[in-house]
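Presented below, as structure tokens, is a lone chain in the form predicted alone.
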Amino acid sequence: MSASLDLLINALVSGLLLGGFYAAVSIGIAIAFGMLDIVNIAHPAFILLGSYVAFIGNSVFGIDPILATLIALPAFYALGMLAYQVYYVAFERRDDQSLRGLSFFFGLLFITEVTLVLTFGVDYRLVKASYIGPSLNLGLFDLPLRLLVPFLVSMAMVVGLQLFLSHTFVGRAIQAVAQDQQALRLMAANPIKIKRIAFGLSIGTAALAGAFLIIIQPVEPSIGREYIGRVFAICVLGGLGSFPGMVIAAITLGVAESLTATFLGPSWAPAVAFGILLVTLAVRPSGILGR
């Protein structure tokens, strides 16, 4: 096999695995923005909180980084519910969700980043696990375990949430809450409670994605800014509120970035990825699987 073909196959595989990570990073936005119409630009801050919880659990207690964040998920779920309640009381209830609501989440992003800097400094932090470093050699390509493990857990999370949204009353209510709150009330469902649950799920998934992030690469408090545009781009490209579309969009961007970084250089990767977004939306404004 020629070296260029070998490089191409490995770039495709790495892009696929990276796309799984992007799906985990974006699923919370697919819930908050796609289903609740809440522009949570503080989403990367909660991802980083998950990364630092994984770091503390791993470095202080010797716990696997993913397990450490899973243990903390109830706390992140409660934090998400609290954040939504503050947002509702201060902005949504007053029908003042546009600029001031956006400022609220920007403030959360800034406060979280400053708190992490004051607590952990600006040094890069990393975790240790048996699957960080080794790769599975399958002949034609290698599977880096530091990408494979987050990919598998990400896909399990996406499938689990999709089943929850499709087969439970609360899940169906979450999908409907942004469309017709009056109909929900007629079915004895409190729209505010449903939104609170949904936002809690959004923040919980962000925290788990944070564990994947620190497994894939070292983190420092400002690294979350790199994902603000990317997560919204994936959500819009896939189609608002569509988990399957979001996964397709995440994998598309992951493969595009991997191929571009391999053959053109890392600096071109974001430009090509967002170029794909613009072309797709020009052809199909509702996104890949948008309704």
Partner chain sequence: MRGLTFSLVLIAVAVAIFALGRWYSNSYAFFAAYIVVQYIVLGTAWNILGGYTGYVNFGVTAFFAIGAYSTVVLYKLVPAMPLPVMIVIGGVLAGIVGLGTGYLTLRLRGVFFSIATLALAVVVQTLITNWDFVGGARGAYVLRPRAAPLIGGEYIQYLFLVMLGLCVIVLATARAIERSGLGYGFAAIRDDEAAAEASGVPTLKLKLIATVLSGGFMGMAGAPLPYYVTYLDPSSGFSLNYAVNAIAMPLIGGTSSWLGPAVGAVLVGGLQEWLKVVQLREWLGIGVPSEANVLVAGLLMVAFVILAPQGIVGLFQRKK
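What we label the rigid core is the largest C-alpha set whose atoms superpose within 1.5 Å from one form to the other. Predicted model only: the values in this text are computed from it and were never measured. Numbering follows the first chain given and starts at 1.
Omitted from view is the form predicted together with the partner chain, to which the following refers.
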If you check Leu136, Ile71, Val114, Leu140 against the partner chain in the predicted complex, which one has a heavy atom within 4.5 Å? Val114
Among Ile56, Val39, Leu67, Leu259, which has at least one heavy atom within 4.5 Å of the partner chain in the predicted complex? Val39
Location of the partner chain contact in the predicted complex, chosen stretch of 146 to 154, 201 to 209, 125 to 133, 103 to 111 [non-hydrogen atom, 4.5 Å]: 103 to 111
Check, residue by residue, if Ala271, Leu281 and Pro285 all come within 4.5 Å of the partner chain in the predicted complex, counting heavy atoms only. yes
Taking the partner chain as it sits in the predicted complex, is Val236 in contact with it (heavy atom to heavy atom, 4.5 Å or less)? yes
I'd like to check something about Phe33: if you look in the predicted complex, is any of its heavy atoms closer than or equal to 4.5 Å to a heavy atom of the partner chain? yes
My question is simply whether Tyr84 lines the interface with the partner chain in the predicted complex - judged by any non-hydrogen atom within 4.5 Å. no
Leu277 versus the partner chain, in the predicted complex: is there a non-hydrogen atom within 4.5 Å? yes
Core-aligned C-alpha movement of Leu277 between this form and the one not shown reaching 2 Å: yes
